[in-house]
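Same protein, same chain, two forms; see structure 1 and structure 2 below, as structure tokens.
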Structure 1
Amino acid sequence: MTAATDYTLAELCIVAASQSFADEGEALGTGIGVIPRLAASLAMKTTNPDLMMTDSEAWMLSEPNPVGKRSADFVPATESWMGFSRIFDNVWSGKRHAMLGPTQIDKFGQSNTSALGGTYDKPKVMMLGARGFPGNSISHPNSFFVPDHNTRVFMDGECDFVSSIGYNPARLPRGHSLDDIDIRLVITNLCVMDFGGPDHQVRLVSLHPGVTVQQVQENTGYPVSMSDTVPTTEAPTTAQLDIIAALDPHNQRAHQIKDNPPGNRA
């Protein structure tokens, strides 16, 4: 395993994000967006061959599809039908781990995909809607990917609309414990975080090469729990980069983080 010296931040994020699927065993890995999808695909090709995956349309695959347009003679490795209604049977079974990119994530790990500002009846900015976030968040483990770590995403206060349940004691449903909620990793363009601090406080897990703890704190609207020594996010290996390149032949990953910076910004 040779650590690469020349890699992009997107590739670093893909490898870091793939860690969240490594110990999932035989569960559906859902990555929405290019980097989360490549992360789940990389995990299936390396650390967790038992991971399950769909073609993002209606079929389960025994091998992940490359991202983007594929040649006319490409044959996907389908193994079963998996239309949208059946996805919910899977979601509610808990055998899934999804990685998505909400617009806001607050200090409780609650997220917002629905609306910003104004009032609920007349929001300033209407977004997608709650989508499947309420169900995902209470049914199975989830991770987040944030391509631009700033205080608009990680904002002070509570989300304008809470699409997904988090570690907020005030909203905890009766008969549930905060430990029932399972938010795994938060991968951003600056670092990797989780909610493993005291009382489920957000915690810095690793810093991407060349990023400081001050940068992370300044760009997060609430206190981030940090130990005295924070490790550096591990560089991709050349083998991982080869797999990523094969999974993303059109290099869509180059367009996911602004200006496609190098992975090591030291």
Structure 2
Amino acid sequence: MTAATDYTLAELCIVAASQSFADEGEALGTGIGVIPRLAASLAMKTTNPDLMMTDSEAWMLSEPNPVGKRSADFVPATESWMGFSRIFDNVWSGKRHAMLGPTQIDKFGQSNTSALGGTYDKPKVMMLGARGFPGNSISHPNSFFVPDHNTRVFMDGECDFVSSIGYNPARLPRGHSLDDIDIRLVITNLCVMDFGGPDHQVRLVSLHPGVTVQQVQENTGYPVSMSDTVPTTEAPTTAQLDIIAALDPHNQRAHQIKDNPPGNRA
């Protein structure tokens, strides 16, 4: 396939994030936020046709819905009904993979979507809440998208509030082991990471074009494992960009990363 030469950072992140769903097989892909949702949709259209998605209401789709307002004659490709109880059956079976954007991610891969600063009774900032994330994080694979890679997100110490399980033996639920944790990929505006380093240390998988190893480490509040040679994140192909444009006709992707610079910042 022909690699594109003109693409945005958001489009690079969408393609990189879609790789987390590539080997999923028959599973439910849940992308929370524009870029994670487009990433799952792109995987469904290219690398993993067995992936299923919901319409965020109660239906399973065999074709991803485009982002944003749709035409009056749009007909979603509904395959089956998936009400609330069936969602839980799917979660507990492990046949789901969610990608979302936490506010904090610590060295264990634990994340925070709940509260910042102070105490939980009187936080400085109250956010969405843990919601279903504690159970989701122990039941099925999860990935993260971070639009602004910095030491406030990848912070020193433990998260202010632990919303999801990571590779921290001290916080494992009874009867579980670290082998039950499955954090696939962490996509940021600087790089792709995972927790495949020694003892589940965060590891640098690839650098986005024009980004240095030093930039990644300076913006991460804990040591990042890396090899002597770090590959560059692959550029989108023209075919992938065409699919992304069709899935996001209103270009909402352009507003998900500050200033949305070119994907190649070399």
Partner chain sequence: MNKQMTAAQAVAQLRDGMTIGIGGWGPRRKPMALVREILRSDLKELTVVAYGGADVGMLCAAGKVKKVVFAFVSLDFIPLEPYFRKARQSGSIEVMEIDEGMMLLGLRAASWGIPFIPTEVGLGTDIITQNPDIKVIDSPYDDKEWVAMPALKLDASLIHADKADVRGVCQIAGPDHYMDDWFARAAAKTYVSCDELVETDYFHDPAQARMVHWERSMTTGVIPIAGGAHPTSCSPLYGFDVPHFKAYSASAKDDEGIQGYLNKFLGASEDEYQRNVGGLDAIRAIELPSY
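The first residue in the sequence of structure 1 is number 1, and each one after it adds one. So that the term is clear: the rigid core is the largest set of C-alpha atoms that superpose within 1.5 Å between two forms. Predicted model, so just to flag it, every value in this text is computed and none were measured.
Chemist: Assuming the other structure does not fit, state which one is the form predicted on its own.
Modeler: Looking at both copies of the chain, structure 2 is the one that matches the description.
Chemist: I want to check G83: does it shift between structure 1 and structure 2 by 2 Å or more at the Cα, with the core superposed?
Modeler: True for G83: a C-alpha shift of 2 Å or more.
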